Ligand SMILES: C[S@@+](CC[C@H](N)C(=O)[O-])C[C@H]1O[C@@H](n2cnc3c(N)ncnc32)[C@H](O)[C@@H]1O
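Below you'll find only one chain, the form predicted alone, shown as structure tokens.
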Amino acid sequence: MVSTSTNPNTEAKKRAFDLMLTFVKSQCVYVATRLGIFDLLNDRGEQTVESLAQATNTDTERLYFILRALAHVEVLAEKPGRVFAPTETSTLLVTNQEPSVGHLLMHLIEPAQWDAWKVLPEALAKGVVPFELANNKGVYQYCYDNEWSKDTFIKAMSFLTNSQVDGLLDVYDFGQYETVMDVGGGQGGLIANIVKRYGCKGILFDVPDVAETAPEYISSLGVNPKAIEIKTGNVFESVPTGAKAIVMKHFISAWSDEDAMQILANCKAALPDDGKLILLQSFVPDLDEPKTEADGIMPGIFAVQINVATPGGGWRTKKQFQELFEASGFKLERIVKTDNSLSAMEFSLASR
């Protein structure tokens, strides 16, 4: 009798190899973004690898390996003569015009973030934050202490807002509130768009290092900065009063339950009795829910990155957020889904 062996499942094998080498794709696209390769191709059109190497002061032959790999995964297009041309994907990664996915990519893959992944086994054993173990400081402090990292982080957050805000404003009526405050609102992209669309008053609240860039950015969106009151401070100490509604987008998930409850207590104290708190968030799906959102984001995967970088528990499920807010004295009124990965959970005050 001749024994036969069953070949490994082909698709499973492909998946395993892809997972094995995904870090190579990440590093190739990071380096090309950081070098400004996509900017050069977008500004000047297709170019030879020699021209791109000269413009970026890099070794021609070693750069070719990276660009060829990016062509193999269709980030670039390679033509005869080692000529490289832009694609729709590479255009998204351009960073010399406005906040883009390229800024988000550089923030998530910059060396300090990468170092956190290298110590992940040790961090898991010790039960500590990988980023803090690798860099001896928290991710936000690191960004504030490094000008390039701070600028990249702020633009990355602005890109996230820009890519999701229209879908949100199409389904949630902020015009019902006289004044809306964005807590942890960065450069003010979200509150500027709310004010622009609905004509309400706006308040932006964040730390001074971040909010200092807000007036110029708000102006670039076609909104008079005077229409938005900018306030700075420490969210763990207090939240300004004066708003009928508070919004928080991808902010509370960076903190542990204990820290989040302190922030929520300060938000509650700042709201009037009939005020609302609107959580704007991507939710980790439950077992029976789709794992990928319409815009391609996988919240369950993104949640790991947040957990590696911050002391919080990362992105949570809808049920986990509801339990956290209810424990802080809020009552869930409704959940509003958008056409992207962002959803809105509207809460009222359950008690004082």
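Numbers for residues come from their place in the sequence shown, where the first is 1. Given the structure is predicted, the values throughout are model-derived calculations rather than measurements.
A second form of this protein, the form predicted together with the named molecule, is not displayed here; the remarks below concern that form.
For this session: Would you mind picking the one in Gly233, Gly167, Gly138, Gly242 that has a heavy atom within 4.5 Å of the named molecule in the predicted bound form?
Result: After the contact test, the surviving option is Gly233.
Exercise. Between the options Val75, Ile278, Leu264, Val210, which residue brings a heavy atom to within 4.5 Å of the named molecule in the predicted bound form?
Worked result: Checked against the cut-off, the match is Val210.
Exercise. Does the named molecule come within 4.5 Å of any heavy atom of Phe153 in the predicted bound form?
Worked result: Answer yes; at least one heavy atom of Phe153 falls within 4.5 Å of the named molecule in the predicted bound form.
Exercise. Does the named molecule come within 4.5 Å of any heavy atom of Gly102 in the predicted bound form?
Worked result: No, no contact at 4.5 Å.
Exercise. Taking 4.5 angstroms as the cut-off for heavy atoms, does Tyr217 touch the named molecule in the predicted bound form?
Worked result: Close contact is absent here: in the predicted bound form, Tyr217 is far from the named molecule, nothing within 4.5 Å, heavy atoms only.
Problem set entry | in the predicted bound form, Gly184 touching the named molecule (heavy atom, 4.5 Å) | Close contact exists here: in the predicted bound form, Gly184 approaches the named molecule to within 4.5 Å, heavy atoms only.
Exercise. Hey, of 90-98, 110-118, 221-229, 247-255, which bit sits against the named molecule in the predicted bound form at 4.5 Å between non-hydrogen atoms?
Worked result: Residues of 247-255 come within 4.5 Å of the partner.
Exercise. Would Thr33, Phe38 and Ala69 all count as contacting the named molecule in the predicted bound form, using a 4.5 Å heavy atom cut-off?
Worked result: No.
Problem set entry | Contacts with the named molecule in the predicted bound form - residues in 195-209 whose heavy atoms fall within 4.5 Å | Sequence-ordered list: Phe205, Asp206, Val207.
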